[in-house]
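Take a look at this single chain in structure tokens; it is the form predicted alone.
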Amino acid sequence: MLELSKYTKELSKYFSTSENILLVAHINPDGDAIGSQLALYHYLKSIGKNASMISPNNLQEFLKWMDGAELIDVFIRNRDKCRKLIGNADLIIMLDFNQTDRLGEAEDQVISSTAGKIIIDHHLNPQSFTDLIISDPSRCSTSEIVYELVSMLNEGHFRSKPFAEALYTGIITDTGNFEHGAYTSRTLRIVADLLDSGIEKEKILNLIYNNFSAERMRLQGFALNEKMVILPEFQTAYIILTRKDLEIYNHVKGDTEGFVNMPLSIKGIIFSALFIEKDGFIKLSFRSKGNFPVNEFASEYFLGGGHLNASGGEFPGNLESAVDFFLKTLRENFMRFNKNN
């Protein structure tokens, strides 16, 4: 586990010498990206810093309740303002990603900016394009790292309900409410402190996990009943959703969140995949149990990556070809990847 204390002096210097700090989440931001972004924003505002936030594209509905989410400027909706924020920034902090292509349309301008640049992240193999990289893949989430850094900078727990709510959201969404991910006893001690800050965990859980539309629930039932395929010989199950499927159930962004986890509830299944048809490519999500490294599987065959038990990728072709390639890859490599034996 990375010793984060060695970064606090340098971070403090960056903060004290920067007038305009810009916090940037990755494209298709999840709970950890937005949670860590908002938490750091609340801390910076508390110490009197001028901070702004950008997301390359729209937030999912289940994240918009957090305090400050309405202040995040979405690049694809307000390009001129976001370009101005990037141009005026003298420090840009990128949270929960470590590859430039995760910046979406903002990539070229962020990379060419003369501002100081910092990555705070927990994914493997960070790309070197910033002045400072704070990266620890042993942490369950970027939110966990932000909690520790702020606690050190603050010389003690930073007591703020919006800060705690944002970090709690980041931690539970990146662990599937502690069903997967690299969480440790240290993570749970952090969660205990966040609860001591006065957050209402039942309220947050309901806003994140029990706030879906009827159409989303019907899509989930359809996906499990009609579109799930089980391969017992490979301890694998996968779900395929076409654009037409999504249209029938009035799909909105975020509706398929968590679908890939559900087949892992089946006895004997250790590897699950979700295929979603997009314009010109297929989006894939992978989940696993134990030591089946879906991050390696995604990186090697599907232009992706992520964590040991939770990752994603893409296939640049049609749905039929993506499934055929997945099955071929699975047949040829299952024993190599299955490290549970």
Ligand code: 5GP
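When you see a residue number, it is the position in the sequence shown, counting from 1. Worth saying up front: this structure is predicted, and the values here are computed from it rather than measured.
In what follows, reference is made to the form predicted together with the named molecule, a form of this protein that is not presented.
J.: With the named molecule left out of view, choose which of Ile276, Ile54, Ala310, Leu63 has a non-hydrogen atom within 4.5 angstroms of it in the model of the complex.
T.: Exactly one residue meets the criterion: Ala310.
J.: Do Lys117 and the named molecule share at least one heavy atom pair within 4.5 Å in the model of the complex?
T.: It does not: once the named molecule is placed as it appears in the model of the complex, Lys117 has no heavy atom within 4.5 Å of it.
J.: Given that the named molecule is not shown alongside this chain, does Ser272 nevertheless sit within 4.5 Å of it in the model of the complex, heavy atom to heavy atom?
T.: No, Ser272 sits far enough from the named molecule in the model of the complex that none of its heavy atoms falls within 4.5 Å.
J.: Looking in the model of the complex, any heavy atom of Gly306 within 4.5 Å of the named molecule?
T.: Taking the distances in the model of the complex, the answer for Gly306 is yes, it comes within 4.5 Å of the named molecule.
J.: Verify the contact flag for Lys289: yes if a non-hydrogen atom of it lies within 4.5 Å of a non-hydrogen atom of the named molecule in the model of the complex, no if not.
T.: Close contact is absent here: in the model of the complex, Lys289 is far from the named molecule, nothing within 4.5 Å, heavy atoms only.
J.: Tell me the stretch among 65 to 73, 310 to 318, 33 to 41, 46 to 54 that has any heavy atom within 4.5 angstroms of the named molecule in the model of the complex.
T.: Answer to the contact question: 310 to 318.
J.: Heavy atom within 4.5 Å of the named molecule in the model of the complex: which residues of 264 to 293 meet that condition, in order?
T.: Lys283, Ser285, Arg287, in sequence order.
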